[in-house]
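Starting off, we have a lone chain in the form predicted on its own, written out as structure tokens.
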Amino acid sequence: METYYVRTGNEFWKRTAKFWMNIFAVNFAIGVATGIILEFQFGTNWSNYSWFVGDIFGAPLAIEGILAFFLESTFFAIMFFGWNKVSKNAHLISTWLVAIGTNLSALWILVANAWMQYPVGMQFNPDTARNEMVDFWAVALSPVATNKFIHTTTNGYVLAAVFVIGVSAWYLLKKREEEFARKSIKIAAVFGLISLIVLIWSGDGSATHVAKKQPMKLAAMEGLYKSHPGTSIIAIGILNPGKKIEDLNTNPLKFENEKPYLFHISIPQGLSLLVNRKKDTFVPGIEDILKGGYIYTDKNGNEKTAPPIEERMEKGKLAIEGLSNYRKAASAGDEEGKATAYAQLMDNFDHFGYGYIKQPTDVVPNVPLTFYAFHIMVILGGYFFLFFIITIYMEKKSLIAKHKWYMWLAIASIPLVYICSQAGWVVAEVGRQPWTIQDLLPVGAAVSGVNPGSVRTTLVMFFVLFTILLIAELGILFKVIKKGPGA
């Protein structure tokens, strides 16, 4: 919008850009306030995690802080306060640099998150009991990181587009700022549709990566317990609450007899096609992963037979034992003992995290939460695709201002797009439980030895604080919107 203003000199676009910039500023401030808290958590609540992988995880976060955050925060001041104080072109450059900076922030944060989902470019140092980065570019450019960045940022673009359309529809409903509203809707709808197409494409790539690197997450996303070649994909379904993974330990016969779904509509061979474009592909279910025996492709592209989780647990214990023996031998100056222990550790290191798992079913995430979050995300994604198509058509035909139903639909879509966005994060983070770092460090071994009462107290404190911030943010947003771009 500001680019239009600089190119045309039309004050209308300046007024429009300034209004949406005010909305952005409120969210930027809240983002800074809530994001800083996360940095402190690594030292307070996740000290074991920070020790184990801090050398790797800290690098992208440091780059984000030094490069991206300083870039966006510095030029944000010029963008927000610099109207009429710097030239048009200088102001426009500042605005674009803020946009670039926010995306760079997202990039490095998502590189860190992707590494937790798919740890690469590292080597374990038994002398310090820490993982150390040996290949920065393997971490920064891993296929999971690249795909996650594209998927998450385009998700943000779609959310922003729906927000702009919804707020603009409110003005049309109130018969205020109609030119501003129509042109904002036109830009947002086209921008949103293009972003959503990229979002869907990257979502397809995400499913492929999850299938290869986090098969248990994919099984939970589909509520898939037992599989076969040519696996179907669930379009719509209701899980059977009677089928509980805990029954595999206590009542396996009951678990076996319970059907996974009360109701479902599936697409035959859909999941197999989604995973690697072959309709006869075997996509393992939860029970298949627990029992092992199926063929999979490892990090090096070699086909292997998946071991049972119980076997991985035993090998994990051997890895932990090897580390313990290595450190004892190092203290005693026993070089031969060190070599033997090191070999035991490294031979079993891929299973290291499983040594902390108490029983095989503990590696299964919350299936209902992951399943429903995934399907809500997909269904709403389809809805927004239709929404943008309808919006572009109605705007082109000048029909939007004539139909109140559309205006109310656009306003109602604002909370829906937030639900869709958060559902995607539920899938990403709940679906990988119990791991903080996939296969290497479960949550139970990553936490600090903090008194549970202290954690509960701070959790309540931050819940209250963030609720107050949310109320304040909404109050400011509503006030800005009510005043409108003409204020």
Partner chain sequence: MRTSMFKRIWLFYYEGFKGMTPLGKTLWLIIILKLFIMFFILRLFFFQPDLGRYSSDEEKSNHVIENLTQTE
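Numbering follows the first chain given and starts at 1. Just so we're clear, the structure is a prediction, and the values are computed from it rather than from any experiment.
There is another form of the same protein, the form predicted together with its partner chain; it is not shown, and what comes next is about it.
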Are all three of Phe40, Phe81 and Met461 close to its partner chain in the predicted bound form, meaning a heavy atom of each within 4.5 Å? yes
One residue of Ile265, Ala77, Leu386, Ala412 in contact with its partner chain, assessed in the predicted bound form (non-hydrogen atom, 4.5 angstroms): Ala77
Ile320, Leu380, Ile109, Ala160: which sits within 4.5 Å of its partner chain in the predicted bound form by any heavy atom? Ile320
May I ask you to state whether Ile481 is within 4.5 Å of its partner chain in the predicted bound form, using heavy atom distances? no
How about Leu273 - does it come within 4.5 Å of its partner chain in the predicted bound form, if we only consider non-hydrogen atoms? no
Using the partner position in the predicted bound form, report whether Pro360 sits within 4.5 Å of its partner chain, counting heavy atoms only. no
Considering only heavy atoms, tell me if Thr305 and its partner chain come within 4.5 Å of each other in the predicted bound form. no
Heavy atom contact within 4.5 Å of its partner chain in the predicted bound form, the stretch among 453-461, 430-438, 56-64, 415-423: 453-461
Need the contact residues for 332-366: heavy atom within 4.5 Å of its partner chain in the predicted bound form, sequence order, or none if there are none. Gly355, Tyr356, Lys358
